[in-house]
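Shown here is one chain on its own, the form predicted alone, set out as structure tokens.
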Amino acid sequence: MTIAFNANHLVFLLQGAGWTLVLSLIAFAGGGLLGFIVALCRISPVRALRWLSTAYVQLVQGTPLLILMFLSYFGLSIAGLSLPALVAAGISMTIYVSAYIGEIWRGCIQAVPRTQWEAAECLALSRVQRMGLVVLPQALRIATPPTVGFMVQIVKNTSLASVVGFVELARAGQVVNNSLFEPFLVYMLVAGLYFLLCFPLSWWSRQLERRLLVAHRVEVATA
């Protein structure tokens, strides 16, 4: 008997989209916190911290996210630590995001004009005060557009969480297609839901980039 696409299938896909959003938020929150630490270590005056953070970034960026998923879920279970699929996927995504976000934010911190650093030093501010009061507020404005743009990649990369049994949007589409055998219809709906999740972020990123460019031109004109 042929099963037609119905409201239950759509609800299941929407639930998968919801879990995709949850995993994306976990990855961004955890990866952002860890990435901020990585960014600070990358510009630290302590050579050991710079080396360790550089090695961490190179290792994570050189490792496919799929492998991180396998290590978090199956590797830890072999070691006797059995994690739920959401936790394993969240850990993997957090590690992955931290390496890339850390590099984005490190570049934005170093993009702050050197004169600002020197002016803060002339005011006899400590390094913590220079970072907190002068450098980071300016770096935040620079970092916002690329950070929002990278969130699109986070949303799309959650599709790999299906390998550890986590039912997000891509996995939900696969389950629905296995019951209907209508791949074109199902995956068009999946693509549409991904678009609804990602397009607002892409649009927001472009708007922020335009505002940053306009603000920069105004500063140059008034300088």
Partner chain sequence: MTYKFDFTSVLAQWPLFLHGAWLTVKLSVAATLLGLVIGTLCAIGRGSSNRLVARSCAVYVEAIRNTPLLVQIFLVYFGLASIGLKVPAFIAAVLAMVINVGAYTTEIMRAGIESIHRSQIEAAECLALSRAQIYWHVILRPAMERVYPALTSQFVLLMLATSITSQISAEELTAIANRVQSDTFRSFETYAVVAVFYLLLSLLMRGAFWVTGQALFTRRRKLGTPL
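Residue numbers count along the first chain shown, from 1. Predicted model, so just to flag it, every value in this text is computed and none were measured.
As for the form predicted in complex with its partner chain, it is not shown, yet the points below apply to it.
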Checked L160, C41, V176, I26 for heavy atoms within 4.5 Å of its partner chain in the predicted complex; positive is L160
*asked:* Please tell me whether any heavy atom belonging to C198 falls inside 4.5 Å of a heavy atom of its partner chain, as the geometry stands in the predicted complex.
replied: yes
My question is simply whether R211 lines the interface with its partner chain in the predicted complex - judged by any non-hydrogen atom within 4.5 Å. no
Check whether L71 has any heavy atom within 4.5 Å of a heavy atom of its partner chain in the predicted complex, and answer yes or no.
yes
**Study point:** L33, heavy atom within 4.5 angstroms of its partner chain in the predicted complex
**Key:** no
| request: Would you check whether its partner chain, in the predicted complex, lies within 4.5 angstroms of a non-hydrogen atom from each of L59, G75 and R206? | output: yes
Within 4.5 Å of its partner chain in the predicted complex by heavy atoms, the stretch out of 102 to 110, 83 to 91, 148 to 156, 115 to 123 is 148 to 156
Taking its partner chain in the predicted complex and a 4.5 Å non-hydrogen atom cutoff, the residues of 170 to 196 making contact are A170, Q174, P183, F184, Y187, M188, V190, A191, Y194, F195
